[in-house]
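Below sits a lone chain in structure tokens, taken as the form predicted on its own.
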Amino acid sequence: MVRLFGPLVGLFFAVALLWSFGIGAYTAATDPSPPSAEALFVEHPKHVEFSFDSAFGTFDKAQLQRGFKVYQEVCSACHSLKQVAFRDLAALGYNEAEVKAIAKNWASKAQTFDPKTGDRGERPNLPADHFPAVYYAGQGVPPDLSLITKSRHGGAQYVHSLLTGYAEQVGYKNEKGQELLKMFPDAKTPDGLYFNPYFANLNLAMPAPLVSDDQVAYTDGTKATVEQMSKDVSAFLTWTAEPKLDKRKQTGWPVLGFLVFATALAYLAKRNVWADKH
């Protein structure tokens, strides 16, 4: 009897499990949970064109230098750039003397440690040094910006959208015309945070860093509007994340051409080897 009822009991529990799973899946598909404020009001990055976007695109060195200036004067007080060395700036068009001056005059100094005495100290930065880490005394640690465009969906477009996307929460409507606080009265931005529809949860601890035109003095005659400064620093941060982008594209096309040629040769060789000799 035990041998008879054992498989039946196992079959009963298997059918019950499958039945429960089916009911749960059907309920989830037909009765979805109501959308959240984030799902309805977080915006996709703006469409912005950069010189390096296309397969043949390259960095604009003048723009990269302007972007570095924005980072230096606006962003560097809070955000590190620890994956980049001062000497890497030569790729932006700075000469050796300019790189040395930038490193020497950087606000944060290089940290030193004497293993014999255990003493710590500071010294001026050298071109071989990486940008010093920023020690932030506020709540939380702002992210390092070295790879920010690679770690955020949308890359440079996301960074640009975030920098120019701060808005008043009261009366804010999404692209469908839905008003945030009318649909979600409890979604008010807490004190100490700032509303930004391009951020993942709509509330950002960083206040708007670019607040007015001519906040940074460009030396190449370009008008330093908020829009322009945002695009320039976004391009610069793309370079910090992908400094070899131009070289990779220059190398990639010949490699693809060789692969096409090799494929054609392989096909012709196959036709010749397997040709009917009779």
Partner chain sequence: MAEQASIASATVTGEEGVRRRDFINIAAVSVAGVGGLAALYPLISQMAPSADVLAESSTEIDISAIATGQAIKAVWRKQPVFIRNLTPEEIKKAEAVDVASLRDPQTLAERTTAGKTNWLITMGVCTHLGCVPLGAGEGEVKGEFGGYFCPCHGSSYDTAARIRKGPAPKNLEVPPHEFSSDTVVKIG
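Small disclaimer: the values here were computed from a predicted structure and weren't measured. So that the term is clear: the rigid core is the largest set of C-alpha atoms that superpose within 1.5 Å between two forms. Positions refer to the first chain, counted from 1.
The discussion below concerns the form predicted together with its partner chain, not included here.
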Output flag, Arg87, Phe258 and Ala275 jointly within 4.5 Å of its partner chain in the model of the complex, heavy atom basis: yes
Lys188 within 4.5 Å of its partner chain in the model of the complex, heavy atoms: no
Any non-hydrogen atom of Lys100 within 4.5 angstroms of its partner chain in the model of the complex: yes
Ala205 within 4.5 Å of its partner chain in the model of the complex, heavy atoms: no
is_contact(Val170, its partner chain) in the model of the complex, heavy atom dist at most 4.5 Å: no
Flag for Asp114, CA shift 2 Å or larger between the shown form and the other one after aligning core: yes
